[in-house]
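Only one chain is given next, in structure tokens, and it is the form predicted alone.
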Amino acid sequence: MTKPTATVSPDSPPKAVRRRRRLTFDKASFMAVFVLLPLAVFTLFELVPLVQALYYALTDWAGYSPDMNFVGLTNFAAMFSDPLFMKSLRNSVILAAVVPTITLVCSFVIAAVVTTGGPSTGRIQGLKGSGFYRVVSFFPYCVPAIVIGIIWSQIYDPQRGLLNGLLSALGFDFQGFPWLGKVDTAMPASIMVIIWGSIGFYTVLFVAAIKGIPAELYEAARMDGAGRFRSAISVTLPNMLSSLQTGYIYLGLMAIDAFIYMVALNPLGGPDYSTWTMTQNLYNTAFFKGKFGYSTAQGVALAIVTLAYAGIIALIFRLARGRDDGTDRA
């Protein structure tokens, strides 16, 4: 007598698959701890304040009373007719364009020199004593930004500052020169301080990125007759685009803010508001003018500027990778 065989539908999954799909305590606990909990924290501390800020930006809230009237897009329209806001927007854009470019170029040069700038024969290595240069370049990053701003405000002091004293001792006529008190020099002097305080971290970041590039690529470049400069441009740079993109985005967002540096160097915005940033204008509008609704609208504009900046940088580096990989067929 033969036993009847069970017929299995071709559409029904095997028992092992059905067993794997069954919800277990491990899966439920994993989802709760690593998915639901972070999502709840993100919603509570990111999405809810964002929606609240968007609502306040559409009101005339004074900040210190529960009374507020809905004014629609009036605050956003007022920003474009506010000369102080437009000047702060221009200054923030200048900072976002200049600070990351100069900082990352200097950091790349230092990192390339201390890792691959040694002898052109033998093992790929940096200059002798490269560890000392790494420590020296990284040291400013260990100092808080507010301390850096205060130190450099004293260095730039027209009468007692170290900079004017050194230049005068070298024979230049800079006695009493107000570096932070002239429209032509206030912004460049402030930019130099931000670069000085940021260059060390990105040097270390680039050193780590260069260390991850296979030495065979440099050896092949040497065999083709490439020198140090050519190797840095053709080998090092294309293989660290991800680190460059990260540096551009983070540095650009920090430069758009730049609140701590600018408050320490020029708390009133410098001559003719030449160093006045969006964050300073936002803070001044809220806590000195009592226009929290208008200030929140400026915060929304600041968020849009930062998102636009990050998107532009990501697009530029994506196109650069496409050309390097030969996938750009335009």
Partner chain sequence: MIHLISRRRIVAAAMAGTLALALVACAQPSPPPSTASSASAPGTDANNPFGVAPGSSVEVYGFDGGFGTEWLSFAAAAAQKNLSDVTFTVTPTTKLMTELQPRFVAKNPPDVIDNTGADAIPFASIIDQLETLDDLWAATNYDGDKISDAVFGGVDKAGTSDGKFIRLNYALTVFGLFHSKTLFEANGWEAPKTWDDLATLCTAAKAKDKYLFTFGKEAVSYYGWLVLDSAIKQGGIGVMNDIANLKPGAWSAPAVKDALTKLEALIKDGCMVPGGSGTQFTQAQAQFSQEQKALLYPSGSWLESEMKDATAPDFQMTITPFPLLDPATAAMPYEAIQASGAEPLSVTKDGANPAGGKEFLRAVLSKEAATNFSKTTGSLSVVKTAEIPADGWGSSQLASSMSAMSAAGSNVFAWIGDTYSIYYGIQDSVLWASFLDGSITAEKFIAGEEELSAAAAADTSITKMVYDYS
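Residue numbers count along the first chain shown, from 1. As the structure is a prediction and not an experimental result, all values here were calculated from the model.
Note that the form predicted in complex with its partner chain isn't included here; everything after this is about it.
**Q** Is G181 close to its partner chain in the model of the complex, meaning a heavy atom pair under 4.5 Å apart or at it?
**A** The answer is yes: G181 has a heavy atom within 4.5 Å of its partner chain.
**Q** Verify the contact flag for A57: yes if a non-hydrogen atom of it lies within 4.5 Å of a non-hydrogen atom of its partner chain in the model of the complex, no if not.
**A** Residue-level check for A57: no, no contact with its partner chain.
**Q** Give a yes or no for P158: in the model of the complex, does one of its heavy atoms lie within 4.5 Å of a heavy atom belonging to its partner chain?
**A** Yes, P158 sits close enough to its partner chain in the model of the complex that at least one of its heavy atoms falls within 4.5 Å.
**Q** G227: heavy atom within 4.5 Å of its partner chain in the model of the complex?
**A** No, G227 sits far enough from its partner chain in the model of the complex that none of its heavy atoms falls within 4.5 Å.
**Q** Tell me, out of P188, G176, G131, P214, which residue has a non-hydrogen atom within 4.5 angstroms of its partner chain in the model of the complex.
**A** Of P188, G176, G131, P214, the residue with a heavy atom within 4.5 Å of its partner chain in the model of the complex is G176.
**Q** Please tell me which of P49, P38, G63, P267 lies within 4.5 Å of its partner chain in the model of the complex, judged by heavy atoms.
**A** The residue in contact is P267.
**Q** Go through 66-74, 284-292, 41-49, 24-32 and give me the stretch that gets within 4.5 Å of its partner chain in the model of the complex, heavy atoms only.
**A** Heavy-atom contact with the partner occurs in 284-292.
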